[in-house]
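Before any questions on how it binds or moves, here is one chain, the form predicted alone, in structure tokens.
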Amino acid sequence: MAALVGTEDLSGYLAVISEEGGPRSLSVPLVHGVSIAHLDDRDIVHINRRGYVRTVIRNQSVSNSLFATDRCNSLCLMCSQPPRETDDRAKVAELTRIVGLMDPATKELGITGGEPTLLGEGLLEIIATCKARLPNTALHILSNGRRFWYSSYARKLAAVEHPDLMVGIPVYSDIDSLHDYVVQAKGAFDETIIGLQNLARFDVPVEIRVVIQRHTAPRLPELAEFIYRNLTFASHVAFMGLEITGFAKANLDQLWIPPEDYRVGLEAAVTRLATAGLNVSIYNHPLCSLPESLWSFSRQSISDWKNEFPPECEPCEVRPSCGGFFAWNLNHPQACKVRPVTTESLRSTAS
């Protein structure tokens, strides 16, 4: 993306975007009347045939992701991106094109969906393109892991030999039927666990993600023990707060549990895994919702464009290191209870 309106040579450009008007005659399509104040050089936008402009890569952001597909083979109760059956046959070409336009200095890039592995060999092509065009970029794939039940697919992913790849896969319970209920897919637990083990077998780093909600919260210590005994090869384990959008918003009454109701179990789970030497983090929780003993595990994990703080956070002294809130969670009073942390409140807690 570059500022360009006028009579300049447009060779190499696919379109022109203008906040106001533009020359009547251009050799490429002109989209006008569009705000571009938020765009920087090397940002990448997608323009459809109706003139709709969508920013797909923000060059200065560390929260960029490639959206692989709307399709998914699970139907998780709290899915933030409800799946749709769409024709994604053009996605591989689109995403490899985007990768080719990206700044090689990009530090991190995600691949998400839907379920990216449903692109089959196409996902491997995207990853190989990332390796070739963005050799210094850490790549993180969000997957339900079920397609890696096929060892041949896990082997092919490993064969790409991406130098900095991680696959994030959710495990919601140590009980198979409970995991299957959360993802609304019978047999998913077995497929996911075998998928994780296949990836480990071929030395593909994996991250285990646990979204905490009313169904998963009661067995966090047991799940931690299961992870320790069966998935010790995991490079990272993340316990995550609920993002109230998509299906989570629709199913909130049956999913929501206040953080204070699972503090003890979360502390036990995190401590168990950390003591065993695993790399553990807590995502999507403001610090005031956690016991102070867990603050060192809390990460500022919410993407910058989703992250907000309510006015009540103004006096908080730990806000600079706080994970904050999903912007849409602030629309739900039960999800944005704030207890500003001050020197005085810490003294009161200690006493």
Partner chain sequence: MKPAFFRPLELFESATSYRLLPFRFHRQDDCVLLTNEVGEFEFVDNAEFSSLVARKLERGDTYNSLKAKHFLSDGDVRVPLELLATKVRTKREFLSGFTRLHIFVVSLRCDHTCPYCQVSRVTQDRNRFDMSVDTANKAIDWVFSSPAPEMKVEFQGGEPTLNWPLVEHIVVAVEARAALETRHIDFVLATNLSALDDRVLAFCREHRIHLSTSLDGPMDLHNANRPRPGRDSYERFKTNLSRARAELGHDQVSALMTTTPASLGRVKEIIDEYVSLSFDSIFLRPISPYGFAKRTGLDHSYGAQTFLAFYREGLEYIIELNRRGVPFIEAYAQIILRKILTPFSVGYVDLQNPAALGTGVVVYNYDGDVYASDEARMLAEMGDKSFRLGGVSDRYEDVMSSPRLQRWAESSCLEAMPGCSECAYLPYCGSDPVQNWATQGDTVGHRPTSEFCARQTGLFEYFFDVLRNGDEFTRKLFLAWASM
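Residue numbers count along the first chain shown, from 1. Remember, it's a predicted structure, so these values are computed and weren't measured experimentally.
Keep in mind that the form predicted in complex with its partner chain is not shown, yet the notes after this line are about it.
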Problem - Site check F67, L157 and L199: each within 4.5 Å of its partner chain in the predicted bound form by heavy atom - result: no
Picking from T86, N136, T232, N279, the single residue whose non-hydrogen atoms come within 4.5 angstroms of its partner chain in the predicted bound form is T232
If we test each of M240, V92, A185, L142 for a heavy atom within 4.5 Å of its partner chain in the predicted bound form, the one that passes is A185
inquiry  = Is it the case that E222, even though its partner is missing from this view, gets within 4.5 Å of its partner chain in the predicted bound form, heavy atoms only?
reply    = yes
Would you check, heavy atoms only and a 4.5 Å threshold, whether Y181 touches its partner chain in the predicted bound form?
yes
### Message
Given that its partner chain is not shown alongside this chain, does W256 nevertheless sit within 4.5 Å of it in the predicted bound form, heavy atom to heavy atom?
### Response
no
* According to a 4.5 angstroms non-hydrogen atom cut-off, is R272 in contact with its partner chain in the predicted bound form? -> yes
Note: its partner chain not shown here; in the predicted bound form, the stretch from 103-111, 160-168, 187-195, 205-213 having heavy atoms within 4.5 Å of it is 187-195
Of the residues spanning 228-252, the ones with some heavy atom within 4.5 Å of its partner chain in the predicted bound form are Y228, R229, N230, T232, G246, F247, A250, N251
